[in-house]
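Each of two forms of one protein chain follows alone as structure tokens, named structure 1 and structure 2.
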Structure 1
């Protein structure tokens, strides 16, 4: 079974201070100084797939794992780590265009990769990622390919060579379905899914495997970019301010501070609850 995991490296926005949120005339925010991290849902998707692969060791049902990202050369470090974690192939689609709010472009590129370059049985990807927060890519990808889509996936197990047992969070509870492939799996909030760290030995042995780099221009994205710009145009971008009074209680000991908090700010409020 061939599985493609698509991921995005995103800026660690928790490191931004209030003053860092400056919007330029092209509605960009400078995040170049913030370190890149794996989008949390994509990280879960990668770890979930590694767990699936691990669970199949010893079975006569080979799993072929490909990781794909769209971005510039700086994303290669993530792909090298994935090679070290025993992904079979790591692909980067080189891009410098601003596609933050164009999930249609991302979905079109991935679908073209699957249709024209390397067919896959399953595509796994996080449900949304910071910056754009579009939450549309897996859904659009399923629509373009005409495949079913399972959202809020939290666990993937193998059923047989052409089907998977997929657990997902639904509005009414926990849904477990056995599905025929092909399908798109959109990963949601998944406990215990921080991505593992490769051993130094595997880093040395596999981390230098060449990354397959493709140019986004070869995916003929210009017509879609133009459509996106018109159909869903970003007009303005403003910082959300959450500031309140932020009054700091002074006191010598935790006990004294707790007493002031209770007497002056909590007592009445607790009585009213």
Structure 2
């Protein structure tokens, strides 16, 4: 079974102070100095597939893991780490264009890679990135390929050589489904899913494996990019204020303060419920 895990490296915006959020005349914020980290949902997807690969050791069911990302050379360090964690193949689609808020473009590139370059049985992605937060890419990808898509995935297990047992979060609880490949899996809030750290020995042994680099120009994305740019226009940009206000409730006794709190804030909300 061939599994493709698509991930994104995003800037660690928690490193930025309030003074760093300066919007220039082109409505951009300089984040070139910010360290890149794995997107949290993609990190869960990568670790989930590694656990799946471990669970298949000793069984006659070979699993081939490929990691794919879109970006420049700064993403190579993440791909080398995945080689050290025993991914079979690492692919970077070289790109210098700003497609952070264009899930249609990302989905089109991934689908073309799967259809024309390296067919895969399963595609695993994080549900959304820390930049766009649109949660569209897995769904758009599944629609382009005509594959089923399961969202909010929290666990993947092998059922047989051509099907998976997938556990996901639903509105009314946890849902476990068995589905045949091909399929797209969108990983959601998975507990205890931080990606493992490779050993120094594995870094030395596998970290120098060549990364396959493809040029995004060969994917013919310009028509989609132009369409996305014409769909919306950025008019302003500002940092969200997280400041909170508070005041002290006056009262002679705790019971009196609790009554004031109930009358002013809780009574109306409880009546609506």
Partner chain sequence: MKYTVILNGCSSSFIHQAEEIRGFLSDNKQNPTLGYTIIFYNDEAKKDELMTNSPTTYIKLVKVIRYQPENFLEILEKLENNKETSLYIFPSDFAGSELSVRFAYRLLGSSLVSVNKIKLEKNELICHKALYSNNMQGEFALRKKPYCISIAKGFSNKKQSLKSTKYLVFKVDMTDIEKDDFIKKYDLKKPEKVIGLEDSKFLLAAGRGVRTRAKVERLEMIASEIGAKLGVSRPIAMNAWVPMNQLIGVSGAMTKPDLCIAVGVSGAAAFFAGIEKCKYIVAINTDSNASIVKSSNVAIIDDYQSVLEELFKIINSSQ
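Computed from a prediction, not measured in an experiment: that's the story for all the values here. Here, rigid core means the biggest group of C-alpha atoms that superpose within 1.5 Å across both forms. Numbering follows the first chain given and starts at 1.
Legend entry - Of structures 1 and 2, the form predicted in complex with the partner chain: Only structure 1 matches the form predicted in complex with the partner chain.
Inset, instruction - Examine residue 26 after superposing the rigid core and state whether its CA is displaced by 2 Å or more between structure 1 and structure 2. - result: The answer is yes; the displacement is at least 2 Å.
Legend entry - Exceeds or equals 2 Å, Cα of residue 37 between structure 1 and structure 2, core fit: No, shifts by less than 2 Å.
Legend entry - residue 215 C-alpha relocation of at least 2 Å between structure 1 and structure 2, rigid core basis: Where the cores coincide, residue 215 shows only a C-alpha shift between structure 1 and structure 2 that is less than 2 Å.
Inset, instruction - For residue 245, tell me the Cα shift between structure 1 and structure 2 once the rigid core is superposed, in Å to one decimal. - result: Comparing the two forms, residue 245 shifts 5.0 Å at C-alpha.
Inset, instruction - Check the Cα of residue 236 between structure 1 and structure 2 on a core superposition and give its shift in Å. - result: In the core superposition between structure 1 and structure 2, the C-alpha of residue 236 moves 3.0 Å.
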